[in-house]
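A lone chain, given as structure tokens: the form predicted on its own.
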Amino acid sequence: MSKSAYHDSGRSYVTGDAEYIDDRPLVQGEVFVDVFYSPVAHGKIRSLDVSACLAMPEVLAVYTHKDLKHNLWGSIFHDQVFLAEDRVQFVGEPIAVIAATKRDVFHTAKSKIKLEIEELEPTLDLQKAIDTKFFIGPLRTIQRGDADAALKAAVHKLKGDIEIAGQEHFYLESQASIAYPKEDDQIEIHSSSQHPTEVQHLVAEALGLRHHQVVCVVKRMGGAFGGKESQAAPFAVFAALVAQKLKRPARVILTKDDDMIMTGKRNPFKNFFEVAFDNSGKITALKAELFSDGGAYADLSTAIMERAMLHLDNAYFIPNFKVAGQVCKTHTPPNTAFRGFGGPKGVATIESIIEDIAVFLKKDSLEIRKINTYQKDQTTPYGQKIEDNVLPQLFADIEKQTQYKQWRKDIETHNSGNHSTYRGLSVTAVKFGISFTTRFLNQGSALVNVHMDGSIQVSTGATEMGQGVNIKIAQVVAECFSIPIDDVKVMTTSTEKIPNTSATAASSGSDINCQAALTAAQTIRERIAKVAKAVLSRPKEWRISPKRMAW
């Protein structure tokens, strides 16, 4: 841990040797899989005719929801279907799965499917969903003090809203899975997924199998950013369905266009606020309503909303605080996890409010931030005590070390004499909560194998997506055993070795899995130490020659 280490796959990334899902060589009898999806945002399916598609010699089969044993899933609420039944709720919603011997026939094959849909009026706008109360899940609230009373007694008040749009993940490797049928009705899935356990469980349930009949393997992902925490699972189900039915390996690799059409994005938010403050800029009350666009199904949006609410205070003590959060439904792809998982929406809202207060009072926004920053032993609106608080000192140090005040004067001078370019300056803090708010998910396990030559293999539930979690785990284990890092190999993640894992998400993958590996390594090291002590305490003539020992 005292020495930096190169990313364990850095060289293979550069040379092209790093293996992703579609780099796996084709095997005997392998077939290709694609998805026929809805061309409309909302409608009732009146008829589906796949006969012309099946007549193509390259097309082996077309499967619908009727071919699945179980067609309902969801990471929090089980409200989403794998394959549409009698209605569709977003453009890109899967309706049928096509298996073919060649990839290049899918465009033609999908064009031959005759789909009759009675189009219904879609809700595509977040504001419309708010106005019509088109919601997913219950209203959530966090409250401290009496925000309404404090607003009535306020010296100053401001009211407004902030809209924050969503973003596409644009991971370089699209959603991808390969399913291999094994003996005794087993399925082995290789998936580009942050959550191999969820893939394992959903494949088993959709196909009518037990969990122990399915193994999910994740070597690495070509990017994910939250977009493969939940939404990799349906595509694994589609590959597994074909593999089970045809008894042949099946590969589904989405094109980037199809991936962007079919999968969800970062949740757009529209947040309304009313804030009370005094002449110094100290906030006395904040009342806010947060609305997010969840898309057509819940996915992870309710948890994302909770995290946005938990970050609305950001780095600032607000004595009277009331926030309500509501996920809205629209006829768009179900939105999902994205870096920050809702936290940035809460942070951006309060930081925008602070800028508004600064403009209203004609003060520097840094002064507003400093006067409201959490102090020692204060608590958040959700009851967490702020410990080891260095925020006030950080603000002071940054202001001094950057010569902030002089910088501010220089910018004002520039802006007063320049009408073509304007400059700005702001200093903000971020209080970001790592780990899962569903606390039982904050657990991990590890398997550490020490071989006779002293080399070590480590398996955990962490999934590598370029962030370097594997090299961190290797560093921890190497440090524990006092051996070179090259003597430690972190193995491919597999539910066969490490079951019932949490997703690699919530900025917790390294903490959880490094600690699990360390706990396992320390246990083995203690056992080795006991054996070594027993051996070395024997009479000299009974000892094994050091030349025959491997450490």
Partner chain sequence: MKVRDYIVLTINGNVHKISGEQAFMPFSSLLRYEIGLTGTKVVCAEGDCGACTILYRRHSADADKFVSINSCISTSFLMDMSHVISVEGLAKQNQLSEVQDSMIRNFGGQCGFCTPGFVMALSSMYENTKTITEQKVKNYLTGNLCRCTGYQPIINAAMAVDTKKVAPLKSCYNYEKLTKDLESDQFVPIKITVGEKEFFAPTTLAQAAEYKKKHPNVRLFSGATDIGVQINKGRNPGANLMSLHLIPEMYALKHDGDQIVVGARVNLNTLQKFLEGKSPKFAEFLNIFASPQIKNAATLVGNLANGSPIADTTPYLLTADAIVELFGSSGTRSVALTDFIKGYKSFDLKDDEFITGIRFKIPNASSSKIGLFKVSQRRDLDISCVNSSFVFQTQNNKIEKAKIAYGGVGPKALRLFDVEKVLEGQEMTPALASKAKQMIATTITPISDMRGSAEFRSQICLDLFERFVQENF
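What you are looking at is a predicted structure, and each value in this text was computed from that prediction instead of being measured. Positions refer to the first chain, counted from 1.
Separately, the form predicted in complex with the partner chain exists; it is not shown, and the next lines address it.
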Original post:
Is Phe481 one of the residues lying within 4.5 Å of the partner chain in the model of the complex, judged by heavy atom distances?
Top reply: no
Original post:
Using 4.5 Å between non-hydrogen atoms, is Asp388 touching the partner chain in the model of the complex?
Top reply: no
Original post:
Does the partner chain get within 4.5 angstroms of any non-hydrogen atom of Glu168 in the model of the complex?
Top reply: yes
Original post:
So in the model of the complex, does Asp377 come within 4.5 Å of the partner chain, heavy atom to heavy atom?
Top reply: no
Subject >> Residue among Phe317, Phe225, Tyr404, Phe273 with a heavy atom within 4.5 Å of the partner chain in the model of the complex >> reply: Phe225
**OP:** Please determine, with the chain shown alone, which of 150-158, 216-224, 379-387, 413-421 has non-hydrogen atoms within 4.5 Å of the partner chain in the model of the complex.
**Re:** 216-224
Original post:
Relative to the partner chain in the model of the complex, which residues of 4-20 have a heavy atom no more than 4.5 Å away?
Top reply: Ser4, Ala5, Tyr6, His7, Gly10, Arg11, Tyr13, Val14, Thr15, Gly16, Ala18, Tyr20
